[in-house]
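First comes one chain, alone, set out as structure tokens in the form predicted alone.
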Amino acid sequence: MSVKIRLLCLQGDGIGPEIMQATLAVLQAAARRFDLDLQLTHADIGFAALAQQGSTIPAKVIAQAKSADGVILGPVSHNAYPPVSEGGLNPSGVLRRELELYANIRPARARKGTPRPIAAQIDLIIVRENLEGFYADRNMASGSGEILVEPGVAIALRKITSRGSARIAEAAFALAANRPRTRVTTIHKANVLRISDGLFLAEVRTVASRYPQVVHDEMLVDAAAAHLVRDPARFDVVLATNMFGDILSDLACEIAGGLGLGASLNLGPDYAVAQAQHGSAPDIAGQDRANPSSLIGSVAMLLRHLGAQAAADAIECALDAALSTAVTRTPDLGGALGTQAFANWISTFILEH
């Protein structure tokens, strides 16, 4: 009996259409191989939606996302959008708020044969709180988290709550409990941000007490950045607030081979959104040069979350095979395959293995 999966596809801006096309080719190959009943719906966001509907993420798209089993979200050029008052919303931030996607799961793993700047092994997952912190577009019920008090004087507000801290900690410890090393490292700056990070740490420690099988340590964010470069193998599951997690996950992905490989999954109580870690790269858009590995890997995470374990494993195995040699890599990793040729190679590998 086939597994029915309803996905909403939002291709976004820049290289978004290209890597979405490549990702869907791989997804459909996995569906054929493992008898998945895929029901794909497409909707415009970003500049395409702004031109047609006056908003970079229309209300209809949010409703469609809530009715799907999962969402595949392409990169967006939100820094280039007009002001919010003119429809220039950040689709990623809006979906995170509207779908309550409080957890951003970002793995960083060195794949055999893939060139990377540091020889040390890395196989970790950063669990990033997704709805609080210094992010002005998602930490207030009304208004912005940034204030221009007077010309030359700006203030940014950081929101940390007990509820938000406890549930992201629960996600991290539950994940670590099912990994071989069963370790969580909590990142903070409580020596300076004594109240907000103090609250965060208090909630994390409470959750940690319920997982005696998981080793727990704590590390200042600046020290964590240094240790990631010096000895990334010491980390297993890394738990962090929003901004610290955002920064460290990019660093970890670069160590593992580059942001083009950085998969991520946004999770909430009811919804899940697969999203590449990188941006829309408008400078190479339309040139068939973009590496779609990040979005392909994100879709594998989404399939695993939805119970299609075999299909997810097959996609990961195919990615490992493609990235292991320059002949089947994209130009950013010293290869010669274009975006679509890379996806076609992976698709063929899935169908033949």
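All values derive from a computational prediction rather than experimental measurement. One rule holds for the numbers: they count along the sequence shown, beginning at 1.
Same protein, other form: the form predicted together with adenosine-5'-triphosphate (ATP), not shown, and the subject of what follows.
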| query | finding |
| --- | --- |
| Listed residue (I284, A326, A310, I62) with a non-hydrogen atom within 4.5 angstroms of adenosine-5'-triphosphate (ATP) in the model of the complex | I284 |
| Heavy atom within 4.5 Å of adenosine-5'-triphosphate (ATP) in the model of the complex - the one residue of A274, I187, V76, A176 that qualifies | V76 |
| adenosine-5'-triphosphate (ATP) contact in the model of the complex: S280, any heavy atom under 4.5 Å | yes |
| Distance check, N291 to adenosine-5'-triphosphate (ATP) in the model of the complex, heavy atom within 4.5 Å | yes |
| Touches adenosine-5'-triphosphate (ATP) in the model of the complex: G245 (any heavy atom, 4.5 Å) | no |
| Close approach of A22 to adenosine-5'-triphosphate (ATP) in the model of the complex, 4.5 Å, heavy atom | no |
| Location of adenosine-5'-triphosphate (ATP) contact in the model of the complex, chosen stretch of 126-134, 227-235, 254-262, 157-165 [non-hydrogen atom, 4.5 Å] | 254-262 |
